[in-house]
Every structure is written in structure tokens, then in C-alpha cells.
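One chain comes next, on its own, written as C-alpha cells: the form predicted on its own.
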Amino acid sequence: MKKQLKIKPVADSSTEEKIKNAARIIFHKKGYAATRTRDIAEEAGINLALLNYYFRSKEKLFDIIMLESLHDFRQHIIVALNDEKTSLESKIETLVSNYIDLLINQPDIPLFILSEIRNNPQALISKLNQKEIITKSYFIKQFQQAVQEGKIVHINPLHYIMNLIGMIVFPFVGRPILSYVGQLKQDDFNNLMEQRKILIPKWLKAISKVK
């Protein structure tokens, strides 16, 4: 009796993307620890063996999804913070607008990142490398110069960044409660976020204004 040869599946970019899209959905909802490769395979509509053929481990697939999920965040930050042609106020307006657009399109990202910060902070921090991006940015130079010139109050720039991130991200993290309390539908919530593009820069300016 002849041995039956096992034929390996031919790598297909569309199948790979299908798996990555499924993994993105499941990881964003459940986080790394609670996700099983079987969950991803079911979401992608494929068998587990095929998933393992394309991505050898859950860890490898997670690293790819994490880096891709954070890519837009990093790019928006790098470009906006280091633009030497824009003012401090313009940078804030750009960051607020870009991030709100990003989170409207991918609302699960904040909880996904917060979950991974709690579960494995060192791994996430090493992937983000936000310290270098922020502390050595042109934005910080402009901020320090504005403080020296008496245009804004003398505070640690981290306070400014915390306020900025909190004002943008918290509504998306607290969205279920806010939507329930305010009886907001999807469009209502998105309209509120559009309004915050204008309001957040004004609030930050008022907070940091020298009295």
C-alpha cells in the first residue's frame, strides 16, 4: 500500500489577512490572556491546523496585531509632535483630531491597550518606546520655550500630556456607561466626539493659561 503524501497548503495572502483580521477582533475584545487560537480560527472561518500553518504561535500572532494596532498611534504622534512648521496650539489640534478619528474607527483599541498595560506592562512599553518619542520631540521644546516666555504656566509637561490623553481616550473607555446615561446612539456619540475636537484644545489652553 502506497504512503499518502501530505500536501502542505500554499501560502495565500488573502487567508493570512483573514486570520489577522479575525485575530485583531478577538484580541481587541478579549486581550492576549483570554484569547485562544481556536477562537481566532472560528472567527476566521478556518480550521486550527491552517491557522498554525500561517502563524506558529498565539504569541507571534499577537505581536503582529499589537504592532499593527499601535502603528497608527505612533505615526500620528511622531509626525504631529515633530513638525517644526506648526505652533504648539496647532500640534494639539492635530493630535486631538487625528486620535478622535482613529478611535471612532477603532473604538476597541483603548481597552485593548489598557488590558495589556495591566497584564504585561514591560512588553507593551518596550514596543511603544513612547518615552523617546515624546521627551525628544519638537513639541517638548516648544512647550518649554512657552513656559520660559511666560505664555503658559510652569508645569511638568507630563501633566499636559496626561490631560490631553485623558480627555481624548476616557470617553471611548467609558462609552457604555456614557451612552446609557446620556441615552446616546452611535451617531450621537460620534457627534459628541466631533465636538470634542474643538473643545479639548480650548480646555487645555484655558488650563495652562497664565493668570
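Worth saying up front: this structure is predicted, and the values here are computed from it rather than measured. Throughout, we count residues from 1 along the sequence that is shown.
Another form exists, predicted in complex with the DNA; not displayed. Remarks below refer to it.
- A heavy atom within 4.5 Å of the DNA in the model of the complex is found for exactly one of Y54, F172, Y160, F62: Y54.
- Of the candidates I165, L184, L67, L50, L50 is the one whose heavy atoms come within 4.5 Å of the DNA in the model of the complex; the others do not.
- Contact annotation for R38: at least one heavy atom lies within 4.5 Å of the DNA in the model of the complex.
- Although the partner is absent here, H28 sits far enough away that none of its heavy atoms falls within 4.5 Å of the DNA in the model of the complex.
- Stretch-level contact analysis of 176-184, 139-147, 54-62, 152-160 against the DNA in the model of the complex, using heavy atoms and a 4.5 Å limit, identifies 54-62.
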